[in-house]
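Coming up is one lone chain in structure tokens, specifically the form predicted alone.
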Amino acid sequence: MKMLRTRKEERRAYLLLVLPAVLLYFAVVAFPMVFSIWMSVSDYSGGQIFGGSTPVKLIGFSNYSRMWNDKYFWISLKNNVFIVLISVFGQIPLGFVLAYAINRGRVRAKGFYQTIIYLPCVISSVIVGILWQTIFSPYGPVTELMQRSIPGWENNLLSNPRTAIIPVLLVMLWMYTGTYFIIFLANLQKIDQQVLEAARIDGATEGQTLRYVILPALSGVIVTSAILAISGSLKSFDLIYAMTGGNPARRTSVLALYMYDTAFRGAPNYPLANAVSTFMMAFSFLLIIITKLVEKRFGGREE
């Protein structure tokens, strides 16, 4: 009887401790998510939502159909896919290579290089966007350097709809590689050096040690980095907004910027913007599930 009373008291104490976090989660995460989905299937056009003179009606998937038939949605989605690819197959591998080189003592002045590589991550995205916009402008350093080797070369990288996304991808590669560099460097330092030394004594080469010891030990970190890269890529907004504003002709727009334009520029369409938001959430979940399946099929387990 006393033990049963103790368990009830422990359960009550657990519930009281968890309750504030649960309430905060529902208020900040769950309710906005459900409300956004509800808004995406409604005909809300502004004004009061509850108790207004014109009641809000549910219209099904009309907003999703309209989104699906909008060419700018597909342009934005394509750019987001490019950003996901440059993040997963560019930032993560490059961050790992740099971290591996520094951790294995392949370079001198480790502290200096760690600072230089990570420095772009602590600079405001708006400042970075304006900085690189100036660098890639027709009167910027890129133009001057290219004209020295190719006289008469005209810089239309940011003004040409076909090439405008390339500078954006290069800037993202430069800016966010440092995040994964720090993650990998910290986890490489956690690997037991005796294990690596034992592999060398057994005759393992550098490549074999990397393939059979280090990468399996970092499989969980790689998956976590991939999830961070995917979620961060789909939220890309501030850097692109500052650097190109989605132009020229909205060819550098991404889903977050497309949602912003739909909701706040011109005639606002909140249901369509929420449909885009819901799609972004579902697309992010899909990519994360694929990442977990690939890790489960081919990856090792972090010890």
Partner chain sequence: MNMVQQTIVDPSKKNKRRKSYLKSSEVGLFSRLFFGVVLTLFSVLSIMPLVWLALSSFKTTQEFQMNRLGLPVNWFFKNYVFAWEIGNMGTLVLNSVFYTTISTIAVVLFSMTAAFAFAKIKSKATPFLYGSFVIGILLTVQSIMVPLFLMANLVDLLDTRLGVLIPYIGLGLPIGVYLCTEYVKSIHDSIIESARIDGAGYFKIFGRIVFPMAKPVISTLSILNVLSVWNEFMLINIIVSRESLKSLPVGIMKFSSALTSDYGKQFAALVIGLLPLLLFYLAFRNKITEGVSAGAVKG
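Positions refer to the first chain, counted from 1. This is a predicted model, so every value here is computed, not measured.
Keep in mind the form predicted in complex with its partner chain is missing from the figure; the text below concerns it.
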Proximity to its partner chain in the predicted bound form (heavy atom, within 4.5 Å), stretch among 81-89, 130-138, 157-165, 68-76: 130-138
Could you confirm whether I288 comes within 4.5 Å of its partner chain in the predicted bound form, counting heavy atoms only? yes
Even though its partner chain is not shown here, does S36 get within 4.5 Å of it in the predicted bound form, heavy atoms only? yes
My question is simply whether F61 lines the interface with its partner chain in the predicted bound form - judged by any non-hydrogen atom within 4.5 Å. no
Touches its partner chain in the predicted bound form: D192 (any heavy atom, 4.5 Å): no
Looking in the predicted bound form, is its partner chain within 4.5 angstroms of a heavy atom from every one of A27, E144 and M281? yes
So which residues in 194-229, when you check its partner chain in the predicted bound form, have a heavy atom no farther than 4.5 Å from it? E197, R200, I201, D202, G203, T205, E206, G207, T224, L228
